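Coming up is one lone chain in structure tokens, specifically the form predicted on its own.
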């Protein structure tokens, strides 16, 4: 595919990375009768409504030029620059829920709130089959935003007040991505951001549970470190996943917007043909 970046957004001069312009966009995004403002429409229009079923599932990952998300010690702040981080917060402001695995929750203790742009906070979801995350984790902070813990049946988890606990079968200690999405859909959460870490994103990708994948590549080379993806091996290069994709410019970083809808398995309410 020819390299033709068409999207160029910076962190911009305002502290919230776009101010009222993005806030207005986020509001229009949720109204199906509204035509989206053109500045961000090209990139975010595909996240507006599902094409396979009632869900839209997007994953985002930031990496180096050589495919690393962190050093060998796990340090990753910040591989991506201000524009890449603003993009992540834009995604958060457009979805119903943001999901992370327990490894990311333990390593980074993230807030998962929208801070770098204007817009609403999503529900926060942690995938923790074995009950490893303490109740004091920031993601469970009682700030009025919906919080969910997805864990295995029979697991005893530390619970914070108001956190919704969703217990699910976990054969081999793993909960199936499709089952997770179905459980979120049942609870009214239809637009989902899979934010990390690499293992969680990889599992949703391998299971055919992503509509889009956003990969932001920073112009740095670590040489060694933790890889972006851990997927089942293929024998030959022509067996590799070759999804339609577009490139967009974020200052000195490149965003790859990968369309995975052709391989997405239906897990929510199926779309009806007209």
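Model, not experiment: these values are computed from the prediction. Residue numbers count along the first chain shown, from 1.
As for the form predicted together with a small molecule, it is not shown, yet the points below apply to it.
Proximity to the small molecule in the model of the complex holds for none of 87, 115 and 218, with the criterion being a heavy atom within 4.5 Å. Residues of just one listed stretch (141 to 149, 156 to 164, 184 to 192, 127 to 135) have heavy atoms within 4.5 Å of the small molecule in the model of the complex: 127 to 135. Using a 4.5 angstroms limit between non-hydrogen atoms, residue 200 touches the small molecule in the model of the complex. In the model of the complex, none of the heavy atoms of residue 247 sits within 4.5 Å of a heavy atom of the small molecule. Of the heavy atoms in residue 93, none are within 4.5 Å of the small molecule in the model of the complex.
Contact annotation for residue 83: none of its heavy atoms lies within 4.5 Å of the small molecule in the model of the complex. This chain lacks the partner; the member of 243, 52, 43, 70 within 4.5 angstroms of the small molecule in the model of the complex by a non-hydrogen atom is 70.
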